[in-house]
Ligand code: UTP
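One chain comes next, on its own, written out as structure tokens in the form predicted alone.
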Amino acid sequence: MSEQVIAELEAAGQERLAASMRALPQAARDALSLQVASLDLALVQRLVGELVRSPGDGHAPDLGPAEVDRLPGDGASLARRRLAVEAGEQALRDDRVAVVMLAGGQGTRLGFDHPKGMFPIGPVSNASLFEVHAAGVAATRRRYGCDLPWYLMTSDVNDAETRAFLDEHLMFGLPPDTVLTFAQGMLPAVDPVSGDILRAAPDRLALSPDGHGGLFRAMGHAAILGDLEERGIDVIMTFQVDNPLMRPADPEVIGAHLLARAEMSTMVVAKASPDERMGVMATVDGRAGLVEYSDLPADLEAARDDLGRLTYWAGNTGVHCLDRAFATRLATGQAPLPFHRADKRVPTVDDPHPDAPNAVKFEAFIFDALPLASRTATLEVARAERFAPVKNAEGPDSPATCRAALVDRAARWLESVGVSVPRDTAGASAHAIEIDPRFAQDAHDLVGRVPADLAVDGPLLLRV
């Protein structure tokens, strides 16, 4: 087997790795051969050619503000949102919807050496991100009497630990056959000058996940799309594991997607400030697209309209709705996503460049599917209700800010049904409050469930 793999490496322009393999002892050579055999060498060869050896000309796209269904401001927009909710709820009752959670990362930036979904985030319960989302799925199933399959996309770096954690916690009460885990693809890091595939050890490649845009290829390889078709599901809602305010299978977003007859839709929130580090929806060369914060020119980042509002304000939440047929086209290569170059520092035994960065990684992004869709929709939601990711150990998007957002939302929901919530001098709830999604998914769910004279005189957890 190793000789065949070596020949394939040479044919793909990877003579250096082929020579290194020949110099290894047989056992190490066989171990490395198995890893190389799992690679799509034709794809690696193409990416090296396009992004390393002959990088593009750096064409600056023509950008414009995105078309967004903004939060209701008048009776007509409120009526439109009500229709969207009704359409989404009917799709759920008709079992047309599945949810896919993107959970392929570790909590490295949080100082947490485990899958990010295991991170404890409940302000009172200390529930993990996985548990919060599982509770949301369970609540949606019960509310609409639907199956709502839950797919989790992991990666080779966290798949085994994720599966073990879910098994240990008995899928948080969900039937095991309704929770399906599959791993995204892996791609090798390469030398930033030569494009040679790098090794983390003599018998081990330097591999990394292929980005959240790897979802489509992974769904194809894992036969997820066929499973969805057999179930009669035509709407796929995707979201990131790190946002516990997210409502899995949000009927308003699903309904807006369906009413627009879109192939792909995006949920956005208003940016907190011009320089907030989040991508923004825009038109890119006349098509709907997303611009990463690092790629938005400073003058456009600060641009405002005649009313003083940010021109590029629609921050990407990482939540999308996808038409299954569109996802299938992407998975089968009929509408392939572009890959991006990321210059990184990686541990490698093949290190002719001692200064960082010493390697190139290749990543695909799910939002790059937007320009490939025949029709798209973008829907704004209230940030305080739906978006508070946990990404950094401290500062913005940290556990502290995320838990504060969870508490603030719970306090507002209680106050909306007449419960008095003590506030501190800064206006925040004086006590930690947490509402399990199985108890309530929105403020309306609390009507009749809690008495107006409920005492909030200490940490409060409402759960079934």
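No experiment lies behind these values; they were computed from the predicted model shown. Throughout, we count residues from 1 along the sequence that is shown.
Not on display, but discussed next: the form predicted in complex with uridine 5'-triphosphate.
The stretch that touches uridine 5'-triphosphate in the model of the complex, counting heavy atoms within 4.5 Å, is 205 to 213, out of 255 to 263, 205 to 213, 118 to 126, 328 to 336. Of the heavy atoms in residue 242, some are within 4.5 Å of uridine 5'-triphosphate in the model of the complex. Under a 4.5 angstroms non-hydrogen atom cutoff, uridine 5'-triphosphate in the model of the complex lacks residue 96 among its neighbouring residues.
Taking the partner from the other structure, uridine 5'-triphosphate in the model of the complex has no heavy atom within 4.5 Å of any heavy atom of residue 149. Although the partner is absent from this view, residue 108 contacts uridine 5'-triphosphate in the model of the complex, with a non-hydrogen atom inside 4.5 angstroms. Proximity to uridine 5'-triphosphate in the model of the complex, defined as a heavy atom within 4.5 Å, holds among 247, 391, 271, 217 only for 391. The partner is absent here, but in the model of the complex a heavy atom of 153, alone among 132, 235, 84, 153, sits within 4.5 Å of uridine 5'-triphosphate.
Shown without its partner, the chain has 184 as the single residue in segment 157 to 190 with a non-hydrogen atom within 4.5 angstroms of uridine 5'-triphosphate in the model of the complex. The gap between the Cα atoms of residue 106 and residue 208 is smaller in the model of the complex, by no less than 3 Å, than in this form.
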